[in-house]
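Have a look below at one chain only, the form predicted alone, in structure tokens format.
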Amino acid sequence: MADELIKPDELLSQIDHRPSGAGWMDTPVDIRKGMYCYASNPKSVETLGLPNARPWNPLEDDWKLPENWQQIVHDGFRERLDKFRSFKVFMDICVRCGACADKCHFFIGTGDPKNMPVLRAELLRSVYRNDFTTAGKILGRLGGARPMTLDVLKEWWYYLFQCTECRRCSVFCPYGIDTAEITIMGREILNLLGLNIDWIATPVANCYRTGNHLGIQPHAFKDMLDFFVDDIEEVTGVRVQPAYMEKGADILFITPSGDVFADPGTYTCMGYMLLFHYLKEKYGLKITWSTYASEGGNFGFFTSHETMKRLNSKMYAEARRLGVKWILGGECGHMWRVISQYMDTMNGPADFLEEPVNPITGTKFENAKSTKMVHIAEFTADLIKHGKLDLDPSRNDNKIITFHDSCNPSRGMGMLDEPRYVIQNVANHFYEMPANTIREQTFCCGSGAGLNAGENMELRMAGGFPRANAVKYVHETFGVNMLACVCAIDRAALPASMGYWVPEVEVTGLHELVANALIMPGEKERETDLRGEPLPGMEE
């Protein structure tokens, strides 16, 4: 990757945060390679039932739009203003104070003023003023209004797909404007013209066809877990026995498919399997996997509210079919924002399931009272708090760890302390990054919301710079060599970012660390961790 990109120092030197001499309405969009994702595959668009499926290229002048595309945009804008009151409020109340301007990782990393959240949203507001406000119709450009032209549409597409919907900007907005919601609405309108990116459209189409974003067939999903069974036995001497579609099991477990097929998420997946085997052997807890509900992530979140709703419903349909008590969710990001903030108004409440209670500790998960879905970090933290896991944290002594608050679990569901509690009980060396880069103020990985492609690597490295800069600080100060997270997108995106900016730091999921420390019933003396690397004291 480093050979394909300019060097880090060169990327930093080209960042210029000085304002342009021209007004933002007079600076035409410059769509260039390395900063955008490929156009959506027409077959994927057809599978999703979205309009105007056709091959097109963002670098070409002709985007092959319908003749009445401006009317389609106008009608789609009006429909969403009428349907979502928050959208209209967000269009009206921004005073352009600039409190959000320097909070976006893409603005920090690129210096492009149109990546300031306030200005990215202004791309839509200008058309809103022109089409839907009296002042805009009278004052025109003087009132910040402009008509929807082809150049404006291309500007929308380019910059709305330079937003990871991380919501860091909303933390600092004095009016509470959720710019991520504006991005979602803008992307919905673009979808009315068939203007999506392939890294979103194809994973969603795969999820429709086979149940997960990677297009994994049910037998291949099971085969991969069977490979993990062999790997786990080689490391621990214990042969775990995952259950599939077991009717009447206590809990249905659903995790992102990235954990099953992409390193280093695969080690996190092995961690789940070891933990579940431990709980079955020690306490008789029955947790089942599903090859139908084989995707916790929800790329529909980056497409439209309706698509998000349809993908979310699959998990609950499977829970109903299997007759489980409640659902346990893996380490994912956007799955948890959808569950925590949208589930009840889309598909809930899930009254056919029981209110989640940990059958081992008796803890009632009040935050999951309606959704009936518990994050595995909460679940594991509760087990540790009640002394239900046998742990040897010294097995992680060669790992000096810091924690990246994944955007959606932190800002989207308020899960801040549980992952830290788990890490501090399964490892002995943990250090926090600077306070203004973690918890509610955490920086994004720079590749969320469907931007974790290969063709936009320059954008990803620029967007990942603020997070990497904080990691570099704790690496140089405390010797940190491991970045932990609770999101599959992070586990896919951060290794590239760390390899570019801080190559001495690796990336891990939370439950990989748990599994390393977990003393399994009947295990042999362990010599390596799940990655096959020597445990502390076993280097010889």
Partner chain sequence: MNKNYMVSLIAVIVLFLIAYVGTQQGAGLQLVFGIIVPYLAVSLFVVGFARRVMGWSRSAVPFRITTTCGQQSSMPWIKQAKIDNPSSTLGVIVRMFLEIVCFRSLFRNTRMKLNGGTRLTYQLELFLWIGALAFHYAFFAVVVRHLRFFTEPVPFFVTLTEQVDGFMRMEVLYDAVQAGLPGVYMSGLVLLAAALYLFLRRVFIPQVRTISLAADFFPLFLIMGIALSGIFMRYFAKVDIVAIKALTMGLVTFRPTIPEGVSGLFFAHLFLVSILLAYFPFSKLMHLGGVFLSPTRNMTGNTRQVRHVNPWNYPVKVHTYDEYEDDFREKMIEAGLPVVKMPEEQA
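Worth saying up front: this structure is predicted, and the values here are computed from it rather than measured. Residue numbers count along the first chain shown, from 1.
The protein also exists as the form predicted in complex with the partner chain; that form is not presented, and the subsequent description refers to it.
J.: Using 4.5 Å between non-hydrogen atoms, is K83 touching the partner chain in the model of the complex?
T.: Although the partner chain is absent here, K83 would touch it in the model of the complex, with heavy atoms inside 4.5 Å.
J.: Quick one: is K385 in contact with the partner chain in the model of the complex, heavy atoms, 4.5 Å cut-off?
T.: Result yes; K385 sits at the interface with the partner chain in the model of the complex.
J.: L285 near the partner chain in the model of the complex, any heavy atom under 4.5 Å?
T.: Heavy-atom contact with the partner chain at 4.5 Å: absent for L285.
J.: Though only this chain appears here, would E165 touch the partner chain in the model of the complex if you measure heavy atom gaps against 4.5 Å?
T.: Judged by the heavy-atom cut-off of 4.5 Å, E165 is well away from the partner chain in the model of the complex.
J.: Counting any non-hydrogen atom inside 4.5 Å, which residue from C173, I401, I254, M273 sits next to the partner chain in the model of the complex?
T.: Exactly one listed residue reaches within 4.5 Å, namely C173.
J.: Sort through V118, M148, I189, A319 and report the residue having a heavy atom within 4.5 Å of the partner chain in the model of the complex.
T.: That would be V118.
J.: So, a 4.5 angstroms cut-off on heavy atom distances: do all three of S44, Q241 and M482 pass it with respect to the partner chain in the model of the complex?
T.: Per the other structure, none of S44, Q241 and M482 touch the partner chain.
J.: Which one of these stretches, 414-422, 149-157, 190-198, 274-282, sits within 4.5 Å of the partner chain in the model of the complex when only heavy atoms are counted?
T.: So the stretch in question is 414-422.
J.: Taking the partner chain in the model of the complex, which residues along 336-366 bring a heavy atom to within 4.5 Å of it?
T.: Counting only heavy atoms within 4.5 Å of the partner chain in the model of the complex, the contacting residues of 336-366 are W336, R337, I339, S340, Q341, Y342, D344, T345, M346, G348, P349, T363, F365, E366.
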